[in-house]
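Here's a solo chain for you in structure tokens, the form predicted on its own.
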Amino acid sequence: MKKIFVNQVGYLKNNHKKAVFNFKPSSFTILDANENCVFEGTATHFGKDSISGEDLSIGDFSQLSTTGGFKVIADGVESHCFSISDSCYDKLLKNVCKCFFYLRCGSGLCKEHSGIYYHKPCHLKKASVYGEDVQPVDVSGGWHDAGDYGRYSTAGAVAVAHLLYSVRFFKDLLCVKFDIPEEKCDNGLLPDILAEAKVELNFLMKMQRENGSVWHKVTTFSHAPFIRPEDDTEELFLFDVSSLATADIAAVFALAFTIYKDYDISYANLLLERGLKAYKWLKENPNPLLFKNAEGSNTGEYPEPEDYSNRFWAACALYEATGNKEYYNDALLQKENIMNYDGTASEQGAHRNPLTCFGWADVAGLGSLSLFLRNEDNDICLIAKEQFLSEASRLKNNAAQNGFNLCMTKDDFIWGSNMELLKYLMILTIENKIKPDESNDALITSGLDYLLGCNSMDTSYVTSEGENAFKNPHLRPTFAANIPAWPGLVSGGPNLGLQDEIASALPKDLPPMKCYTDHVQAYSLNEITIYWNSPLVFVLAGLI
């Protein structure tokens, strides 16, 4: 079937704009909301690319800067509608930010701010420490991690970090209001993004033991069925301490200190105290303490084969927060461990430069961000900048190989491929801060176009954003309540692995970009998570 693929949300007035055709149109036109022709162009034939399996042509209409609503027409085929304006992503950014509020655990969601997504208090029982004969612990609060009701220290720390680094690099994010309960601070009210991040920070503090170490996760022993949060009343367990969780918490508390000190100094000092306590435990326990699920438990494991990148991030974040050279020296040591590590990488994508990694497992790139914020031309910074430039160059080469100008290869279409894309867009966004480059802008824009519908599935991978946005995320609370998913959720996206029952029924010879179906039980394709939304916040903050 002939299709015209566009960004179904829209394009910034003075930014790159393109439509992609899976046929060879003789020409194309753009009509406004009144069916008036506002642009005519000729498409350029690209040819067939391997990740979409389509024979593509590209229609560039970057010169069109008129504001309003539009659609593309060619050979009798119409695209979805889209807008052009400098504010076309404002609602998207607010929705993406508010998703964290809807995932709050503990006290429930108030009707005033959640509407039909209201739910009663949940998961308030104290959690038993698995394998230990000690008193249960109050670890209420935070965010549900994903489509399940588990809460995980490493995943939570990384999601918060994406938000807080967004604030550090792009301060206008502090002005974005997205209708959540107000949070007071020394100077009045916390900005919404900091009020929401504080919800998870408070939970992560509860996950820290007296000796400074951090439990890896709190979940029921097995995933709950598709029931509402308040109906999930099975026993909660705190599972083993890990050096992974302890290092990530040390890092994110140090990062948070650098921001909250300007709003609530006592809270910021508490965060730094907790971060230092976690780091002290790491120093006293230099050997990796990794994590493996208890036998028979099927909740998220979040395993990592080493903890070098986690300890690196912690050292860098504490150096940026305190200026204490001891932490920089520790970062130097962990940098060598990272660069010399020859085992199996945590992240499955095609990443080549470890100091640019922003995922839940390989977090060394987050340490690089802290050093960039320190603004010193030290040895690690110079190496990290070289790696960002190298990675950006690799991504540009990838984009040149496909008609969507997408900075991905076949190897990137894994479980959570949309996060792989968003991590790459984060790299390009940061590389633009190091060395501004218009070609980076084009890649960032093309990546966002892909996420919002300019892809061979003709699907926007963000709920309620675009005429053909996905509607059936693997998400317990809304499915159980028989209501639509709230807006702004990012789908995991196409995945060559097809690891669930629904996905495995798809044809095995699909091109990577088409390994997707919008089905609530297709968890390897269509789940949502906090750390798939958080990098989109970073990318949007950098773009607009």
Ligand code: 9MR
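Remember, predicted model here, so these are calculated numbers, not experimental data. In case it trips you up, residue 1 is the first one in the sequence shown, and so on.
The following text describes the form predicted together with the ligand, which does not appear among the structures shown.
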Within 4.5 Å of the ligand in the predicted complex, counting heavy atoms only, one of 314 to 322, 207 to 215, 470 to 478, 191 to 199 shows up; tell me which. 470 to 478
Consider the chain as shown here, without its partner, and state which of 415, 263, 170, 281 has a heavy atom within 4.5 Å of the ligand in the predicted complex. 415
Quick one: of 385, 71, 223, 94, which gets a non-hydrogen atom within 4.5 angstroms of the ligand in the predicted complex? 223
Is residue 521 one of the residues lying within 4.5 Å of the ligand in the predicted complex, judged by heavy atom distances? yes
Check residue 449 for me: does it contact the ligand in the predicted complex (non-hydrogen atoms, 4.5 angstroms)? no
With heavy atoms only and a cut-off of 4.5 Å, decide whether residue 269 touches the ligand in the predicted complex. no
The ligand contact at residue 298 in the predicted complex, heavy atom, 4.5 Å: yes
